[in-house]
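Quick heads-up: the structure tokens below are two forms of one chain, split into structure 1 and structure 2.
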Structure 1
């Protein structure tokens, strides 16, 4: 369903602040992305409340730690019934392998998503970290590493999603943040795209926050994005037929 191709970024200081909007969005949007700000305030309670409203939960914690710690965190996310969980590819192959094996063992339907290069970073940011390549090269390098370690979901910007899809094939889940409908501001994102272009290039799940949250009519904004997703998926399927 197209509603499950849209994840709303719940960028609020507390679930109490977010709940009125989530109640309005629940019939239209399938996935609620809970990040660090909200999770460090309300923790697993926020996950349970979002689930109770009918959302699949995307827990965006970008885990990056020693393999055993990350493996245990994956197990806890499975126990919570989370649908998606992010971890940093830069944690290395051993960490990724342990996470993937634990996810498979728990068998709860959790999909691990390896974060490649944040959409807030560009070439100069990478250079300051000692990585002297274009973001697209680093994205593909990290995605290939994670895929080899057993991860089958990836977070990458819309500018790199086509090359990741081509390199890794049709089966991985590709999640694309930095989505900005036409006419909206890029704000602090440096590698952005429209919903239609991201889906056309092979993305499965689009993450949208402020363009929905700050819209005059958030529900209408979400529905417009879902309509755009639906039309693009139909065109993509027709092209593959």
Structure 2
């Protein structure tokens, strides 16, 4: 279902502010991404409301803590019925393994997504953390570590998606933000890609916020992205993209 290849970033101060648009988008868009802003205000209630509107929920909490704490948070996310949950690869192998094992044991259909290097960090930020390599190299190192620990989903920028796909093969789910349909503004995103190029490079799920939220007709904007995803997936399957 191509609608499940599009995650709408629900970047609103509260669920109440987001609800009218979510109701309109629900028939077209399959996944709603709830991040820290909304979750620190409305919490699990926002997740339940988005689920009740028919969305798969992508809980973008970027967990990073000791293995025991992360494992228990994964169990709670499973009980909430979310489809995707993010965690930081930098939490290390033991944390990743415990999260992956718990996710498998709970068996609710949750897919864990590992975040590698935040796109807000550049080479000099990494160096100041004592990591003296190019961000792309660190992304691959961390993605390979997480894959070895049993994680089968990754968040990566459009710049890295092709190399992560090449390194990890066809099976992991690759989720890519920073998507801008041609003709729309990049805003503060520096490394943008069109839906077609991200899918052609191997992404499975595209995260899109403002190009839908701020469009004159958000439903039409979402539908146009889904059509572009659908066409490119068909070309990819035929070996043409």
Ligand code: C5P
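We call the rigid core whatever largest set of C-alpha positions still superposes within 1.5 Å between the two forms. Residue numbers count along the first chain shown, from 1. Every value quoted in this text rests on a predicted model; they were computed, and no experiment measured them.
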| query | finding |
| --- | --- |
| Either 1 or 2, the form predicted alone | 1 |
| Large Cα shift (2 Å or above) at residue 134 between structures 1 and 2, core-fitted | yes |
